[in-house]
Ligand SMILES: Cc1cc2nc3c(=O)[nH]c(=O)nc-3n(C[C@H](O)[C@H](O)[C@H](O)COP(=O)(O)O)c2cc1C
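Okay, so here's just one chain, in structure tokens, the form predicted on its own.
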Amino acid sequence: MIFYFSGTGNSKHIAEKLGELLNTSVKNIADYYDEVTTLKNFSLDVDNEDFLGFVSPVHSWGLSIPMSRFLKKTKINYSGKKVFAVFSCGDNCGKAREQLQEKLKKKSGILCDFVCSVQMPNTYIVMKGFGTDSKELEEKKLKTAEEELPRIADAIKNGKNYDHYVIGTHPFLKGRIVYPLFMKFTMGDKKFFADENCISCGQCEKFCPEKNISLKDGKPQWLGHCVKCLSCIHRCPKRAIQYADITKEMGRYFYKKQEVV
């Protein structure tokens, strides 16, 4: 069983590809949100599974809020030995690995020593100084990822070492100081809005994994529990969703099935 969270599709693709290669089922943790957020002792029994895996994007050099919440509130029953985690990151991961390992061990008593990262196209565009990759770099990352995933699956299946976790520079500063500040002060959704190009298609509402958007008079309204996955802004077919005055000229990206040659 592979549990994943994904906003713009990178982690979803990684999870589904690994599921195919490992012949194991794949589950979106958003399917459990009602139980995870309302029950104090929500538990899942996956003891009959050959594998237990987690796939998540890196948010500000740390673990994404949805995956962090899932691991904190869910008791996972698994006595097998093949436990792994794979992070999708634009560049590097900081302390995401340690955060996942700590939460998984504390709640479920499960050790996860196999942790690696896969570089995927950048999606964080709601802060000045960040942005999407060039088309050339985007294609290069996607091609490299497709070559890398079978090697990761082989290592998981056969108990091989696979030392490919890009921690980056200043991991303590980023993971233990920047990450908590980022989570505390940047999670609000008040600066999101739909401009005059909005056609009321409802894609933002449909694809928001947090169910944080509803349409009112045909226009999206954000409901106050955003996790900055940016699914809405990247999936809007008319580039109508904006964040403050930052994103008007920014690129957009979400994962589409690639024809890799």
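Just count from 1 along the sequence shown to find any residue number. None of these values were measured; they are calculated from a predicted model.
Just so you know, the form predicted together with the ligand exists too; it's not on screen, but the next bit is about it.
May I ask you to state whether Val115 is within 4.5 Å of the ligand in the model of the complex, using heavy atom distances? Taking the distances in the model of the complex, the answer for Val115 is no, it never comes within 4.5 Å of the ligand.
Contact of Ile213 with the ligand in the model of the complex (heavy atom, 4.5 Å): Close contact is absent here: in the model of the complex, Ile213 is far from the ligand, nothing within 4.5 Å, heavy atoms only.
Is there a heavy atom of Gly90 no more than 4.5 Å from a heavy atom of the ligand in the model of the complex? Yes, contact at 4.5 Å.
With a 4.5 Å heavy atom cut-off, would you call Ala194 a contact of the ligand in the model of the complex? No, Ala194 is distant from the partner.
Tell me, out of Asn122, Ser108, Gln101, Thr144, which residue has a non-hydrogen atom within 4.5 angstroms of the ligand in the model of the complex. Contact residue from the list: Asn122.
Run the contact test on Thr8, Pro57 and Phe182 with a 4.5 Å heavy atom cut-off to the ligand in the model of the complex and return yes or no. Affirmative, all three are within 4.5 Å.
Which of 224-232, 66-74, 37-45, 199-207 has heavy atoms within 4.5 Å of the ligand in the model of the complex? Of the options given, it is 224-232.
What residues of 131-155, in sequence order, lie within 4.5 Å of the ligand in the model of the complex by heavy atom? Heavy-atom contacts to the ligand in the model of the complex: nothing from 131-155.
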